[in-house]
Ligand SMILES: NC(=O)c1ccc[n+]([C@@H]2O[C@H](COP(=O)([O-])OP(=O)(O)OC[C@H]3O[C@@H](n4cnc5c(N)ncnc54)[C@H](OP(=O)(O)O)[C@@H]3O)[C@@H](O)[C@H]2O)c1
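Take a look at this single chain, the form predicted on its own, given in structure tokens.
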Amino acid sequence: MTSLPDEFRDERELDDWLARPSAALVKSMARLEGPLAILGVAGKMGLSLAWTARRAAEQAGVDLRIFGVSRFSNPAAVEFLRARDIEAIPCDLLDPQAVAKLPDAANVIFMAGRKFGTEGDESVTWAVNTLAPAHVAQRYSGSRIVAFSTGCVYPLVTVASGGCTERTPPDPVGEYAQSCLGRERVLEYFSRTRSTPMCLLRLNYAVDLRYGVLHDIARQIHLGEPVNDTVPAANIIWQGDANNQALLSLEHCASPPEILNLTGPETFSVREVAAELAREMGKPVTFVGQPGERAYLNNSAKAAGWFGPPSVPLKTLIRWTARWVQAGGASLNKPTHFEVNTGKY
């Protein structure tokens, strides 16, 4: 890949970098059987993942049909996809009859899920996170399925532990995380009973300069607000790298499902990263909360063995985020609540 920029001037330039396919992905796309379905495409990560897939297919010289499925409450998402030769198909994945009518696809990326708003409305979260994947697994039992999960299915661990590996037994805290383990178990059931090859991605956390752990911390510093360091540490990965690794995982599907931690190699201290962001921004930083000892931390050694290291290191992400926020760059205004360790969202 080309050298990394020092900063991004606008969202168009940012979106372009988020959707750059790696050389490995281009080679993979040349081998990939179509069509490719991306379910839950209109979320924070889906649009850039879909564009990454389209660009990889174009660079590979293959005519790959790609379609994205969502309820599409935001018409701008439809325009984004169609402008990039990606079909937009409206569908409520909670409606089994609608899911049954979706086009065939040899390969499926399943991204639909619900987190925020769970507290007080738990039944909807359970429905989205367990019924929708059941409908999808029934419809696409003859396909390869890469499904997004979360590192929140693991227990909270100390930094000294090195993070949870794929062999760490799940121990979810709170109903959101429990429902995510439910999603995994439902998909595993269909994989085992119908021999559907799958890969479950335990993501922890993807960052876009408009959203993510670094954005949250930088924005608090920029506004003169204290940074909450109740959760002492975190893992992150550039969303562009997460897009590439998710699509590459289609060639690693198996029955029973493969499990893969999707995150960067660094475990960073919230206090140290906040201090570095503050230095980059020329701002003071203060902290609030009672520092804890445990956090959601994933060990990404398996992903590194499959794909190599991410293309964007932590130091670069810190610099990019500091300059973006300081320059008044756009925000999705969707806090990650990374400081929450009670499982209540």
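Owing to the predicted nature of the structure, the values given are computational and were not obtained by experimental measurement. A residue's number is simply how far along the shown sequence it sits, counting from 1.
Note that the form predicted together with the named molecule isn't included here; everything after this is about it.
For the three marked residues, 126, 141 and 250, no heavy atom of any sits within 4.5 Å of the named molecule in the predicted bound form.
Here the chain stands by itself, but in the predicted bound form one stretch of 264-272, 224-232, 107-115, 166-174, 107-115, has heavy atoms within 4.5 Å of the named molecule. Remark: residue 40 counts among the residues lining the named molecule in the predicted bound form, judged by a heavy atom distance of 4.5 Å or less. The named molecule in the predicted bound form comes within 4.5 Å of a heavy atom belonging to residue 46. When contacts are judged by a 4.5 Å heavy atom cut-off, residue 211 counts as touching the named molecule in the predicted bound form.
At the 4.5 Å threshold, heavy atoms of residue 183 reach the named molecule in the predicted bound form.
The single contact residue among 91, 134, 88, 156, judged by any heavy atom lying within 4.5 Å of the named molecule in the predicted bound form, is 91. For the options 191, 149, 220, 179, the one in contact with the named molecule in the predicted bound form, meaning a heavy atom within 4.5 Å, is 149.
In the predicted bound form, the named molecule lies within 4.5 angstroms of at least one heavy atom of each of the following residues of 204-222: 205, 206, 211, in sequence order.
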